[in-house]
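A lone chain, given as structure tokens: the form predicted on its own.
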Amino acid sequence: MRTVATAEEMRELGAELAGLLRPGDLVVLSGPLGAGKTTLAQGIGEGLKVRGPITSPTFVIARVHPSLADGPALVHVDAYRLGGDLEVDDLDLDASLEESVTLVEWGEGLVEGLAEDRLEISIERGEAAETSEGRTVRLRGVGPRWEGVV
């Protein structure tokens, strides 16, 4: 668990997490609207040194950000508008999963079947969310890939 006070700190946390990520990793982000999921994704993109800008892919559903530094591409997905498993299957995320870092906002309950191993990140707002940027970020590694990493 980590407390993040500002959007800049959220980006910094994302860049820090990018140092843990490698091709084939699935990252599932959850949290309410405005919690900072896309801001964290921006930091991960910066840390992975991918072509940006990283923006919320709500209306296009998925964007591929190629690496600018011989690292993995970032596949950034927003599952908010997806209606279920069949629509996730239509995205063919498993086709690029092995060579990319796949980050899915709102993917909880939809994308876990893509990989045995995944990093689940939940972001919660503080009680005074209207007046404070404070967030609590919880990391949970699932599967052997994440044992001892998070």
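The model shown is predicted, which means the values in this text are computed figures rather than measured ones. One-based numbering along the sequence shown.
There is also a form predicted in complex with a small molecule; it is not shown, and the following applies to it.
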Can you work out whether the small molecule is within 4.5 angstroms of a heavy atom in all three of L114, G141 and R145 in the predicted complex? no
Which of 45-53, 63-71, 114-122, 27-35 has heavy atoms within 4.5 Å of the small molecule in the predicted complex? 27-35
Distance check, A7 to the small molecule in the predicted complex, heavy atom within 4.5 Å: yes
